[in-house]
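This document starts with one chain, in the form predicted alone, laid out as structure tokens.
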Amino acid sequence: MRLTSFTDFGLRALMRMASDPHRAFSTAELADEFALSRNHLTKIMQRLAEGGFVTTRRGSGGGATLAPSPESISLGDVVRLLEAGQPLVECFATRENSCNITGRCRLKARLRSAEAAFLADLDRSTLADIALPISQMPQPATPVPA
């Protein structure tokens, strides 16, 4: 199984936020720490806010904070939210399915079962289980002297 970079970056941001769950993190700060595009991370944070995993505030002193506690955020729920609309294989897509063996394929049921097992395993872990230890926080890139 392969997760999209959208989900990968979302999980990284949440792991960082779980290391200090009462602190507000700006998108710029998280993007710098993980060397990510600010625009891409903004879209991810919007989706996480829509899903109820983070709350956001604009302006001075604003940023994103975890909405529920890290212990109550299931990794499976995060992956389901961030991977929504990204079928594992083409035949799982409702509209773009052009597979010519749909209806007689014996692989599809096994892939559905594997996907369900993957998510069920993630459901057994919470964000608290994978929070980044503060001593291992990424450091923003330092400018190279001229």
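All of these numbers come straight from a predicted model, not from anything done at the bench. Just count from 1 along the sequence shown to find any residue number.
Note that the form predicted in complex with the DNA isn't included here; everything after this is about it.
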Using a 4.5 Å cut on heavy atoms, which of A109, A84, A117, A28 is close to the DNA in the predicted complex?
A28
Heavy atom of S69 within 4.5 Å of the DNA in the predicted complex
no
Proximity of R104 to the DNA in the predicted complex, heavy atoms at 4.5 Å:
no
Is H40 a contact residue for the DNA in the predicted complex, using a 4.5 Å heavy atom cut-off?
yes
Please tell me whether any heavy atom belonging to G52 falls inside 4.5 Å of a heavy atom of the DNA, as the geometry stands in the predicted complex.
no
Restricting to 57-76, the residues within 4.5 Å of the DNA in the predicted complex through any heavy atom are R57, R58, G59, S60, G61, G62, G63, A64
